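Listed next as structure tokens: two forms of one protein chain, kept apart as structure 1 and structure 2.
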Structure 1
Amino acid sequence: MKKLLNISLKRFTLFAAILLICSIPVYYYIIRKLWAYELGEHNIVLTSEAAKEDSFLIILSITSLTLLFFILQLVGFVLINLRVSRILWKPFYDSIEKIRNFDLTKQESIDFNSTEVLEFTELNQSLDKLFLGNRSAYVQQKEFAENASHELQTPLAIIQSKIDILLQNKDLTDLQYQLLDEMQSALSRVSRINKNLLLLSKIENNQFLEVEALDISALLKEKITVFDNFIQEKGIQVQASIEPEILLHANDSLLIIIFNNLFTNAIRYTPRNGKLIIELSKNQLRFSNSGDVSLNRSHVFQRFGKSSDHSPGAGLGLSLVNQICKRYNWVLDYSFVNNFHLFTITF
């Protein structure tokens, strides 16, 4: 890649060099003609040796003069070019720098410097328009997800309440109860998906900003007891090695979301009587649970990305974890080693 200014400088220099080189024979021819005319007018006759010496002198002086002018011109070109690039192209480079640093996900606007050059003003105006369009599309998309989930909560609440009322009906038959029960579990699933979507868009919309120092060793231990019911029920063997008093600066709700999802995931996908290893050290948290087949790495952290064929979840949990890790610049990684799924967060 060449810089725009270097291209023009090269062309100018080349043109000047060719022009000056071509001018040497022209100057020589004209000066010789003039010289011969003057000699003829004053009836001066030169010996052939003197004539040769003269023409040699003429060529030499013309060439050195041309070279001198060429060098002067070159220096002039470079200086002018530097100045031009500094003044004339400055708004252009400014704009490029601003575009490079622009991040759509951050809620900052882009302000181009005003310039007196028509072309750059037009460029900046067009860019402004483009960015505004982009930003509003992005904001709308984010707001859509949040609003849609919000709006769904009330109808879900209505359906839930009607099922609860229907359950109280004295004439309910066993079959009708079973139907209601199945409706109930589907409804619980919808509510869960909706809740997680809402959470995800809230995190993307930069809510949950408060940060405090959290003793994650204690939190993790507490979570193990909370999930104990579910762990025992599946006969999962838990092996925890947790370094004490490890502090992290984060939002407590977000950290709890991470823990909840890692636990749910591990419990859900570990086969009966399988094994779950939880390790926490100063800069790493790792959940390893036994499993048969590796998950699809490219889908595992994607929204609604089902990374295996038999997953009952909606595929939002790990996407939430990923989103939160991104917020704090932690690295979330998945790998499959020796029939263990390893989910590692590096702080």
Structure 2
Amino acid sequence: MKKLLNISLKRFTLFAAILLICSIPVYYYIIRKLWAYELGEHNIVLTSEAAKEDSFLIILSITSLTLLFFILQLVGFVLINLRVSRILWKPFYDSIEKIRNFDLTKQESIDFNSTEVLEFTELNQSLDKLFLGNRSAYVQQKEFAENASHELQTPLAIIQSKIDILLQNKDLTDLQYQLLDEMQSALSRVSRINKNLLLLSKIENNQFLEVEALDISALLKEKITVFDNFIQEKGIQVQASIEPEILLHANDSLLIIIFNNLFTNAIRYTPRNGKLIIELSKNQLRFSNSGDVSLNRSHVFQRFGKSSDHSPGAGLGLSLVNQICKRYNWVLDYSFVNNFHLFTITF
């Protein structure tokens, strides 16, 4: 990518250089004719050797001085143009920097600097309208998700209890029992999604402000024990490399959410008899689980993003992990190396 200012200066310099090279023989020819005319006008007769030598020196001196002043003028023009252009384009680059640092989730407004350039003023006004519309749409969407999730809690709980009561009925046929079991499974998934949506809203609203020094080494080992039954059920081989007494300043609830979702994601998408590698160092946490196909990096951390053509949507688990990492300015990354899915959090 090239800056517009650099492109203009390069083209101007190239044009000036071509013009200068082409003008040298023309300039030399004109000076030589003028020199011959002046000698004839004043009836000055020189020997052929003297005329040749004097004319060459004079023409060369005049041409060299002219070229020198031309080059100095060109360099001065380029330097002045650079300085003037930087001053003129400064409001544009200021606006670009503010747009680059803009975060919609923080609901911060952008105050563009005033400028006397009409085009930049119109650009800033258009950007103000665009960001105002985006912020309004984001707030409405966020409020809708919060309200819908909150209102759905009660009816979902009622439906769940009714299904549980029906499942205890001894007069159910096998088909009815199967249908109720499928309904309960689908309802459980909807309930999890609803709870995760509420949790995302709380995280975005900064409702988890409490921070304390946590021994994540002990917490991670505890989670390995908690998920051991699920790991054993799929025959997954776990290899853990955890440095002791790694302390991290964070909210206890949010850190547990990260661990739960990373474990759940790894166990769910690791093939039977596969391998799970967990590594914790002072500055990094890594979950590596075996797999066959790479996930879509652009969708893997999106809400309900379809991570690959061979698997269903990732739901909200990894989106939650991503949102929490953003809150603490941790870097969450995904890669696929040697048939292993690598999820890395850098503290």
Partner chain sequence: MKILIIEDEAALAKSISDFLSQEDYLCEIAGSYSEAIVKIESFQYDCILLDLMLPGGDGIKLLKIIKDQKKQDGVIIISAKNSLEDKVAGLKLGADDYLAKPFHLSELAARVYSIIRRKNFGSDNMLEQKEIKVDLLAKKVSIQQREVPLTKKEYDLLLYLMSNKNRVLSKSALAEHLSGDIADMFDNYDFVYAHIKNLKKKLQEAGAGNYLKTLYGSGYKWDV
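Treat the numbers as computed from the prediction; the structure is a model and nothing was measured. Please note that residue numbering is based on structure 1, beginning with 1 at the start of its sequence. Basically, rigid core = biggest C-alpha set you can superpose within 1.5 Å across the two forms.
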| property | result |
| --- | --- |
| Pair member which, unlike the other, is the form predicted in complex with the partner chain | 1 |
| Rigid core superposed: N273 CA moves 2 Å or more between structure 1 and structure 2 | no |
| After fitting the core, D215 CA displacement of 2 Å or more between structure 1 and structure 2 | no |
| Core-superposed comparison between structure 1 and structure 2, V226 Cα displacement 2 Å or beyond | no |
| Inter-form CA displacement between structure 1 and structure 2 at R135 - rigid core frame, Å | 5.3 |
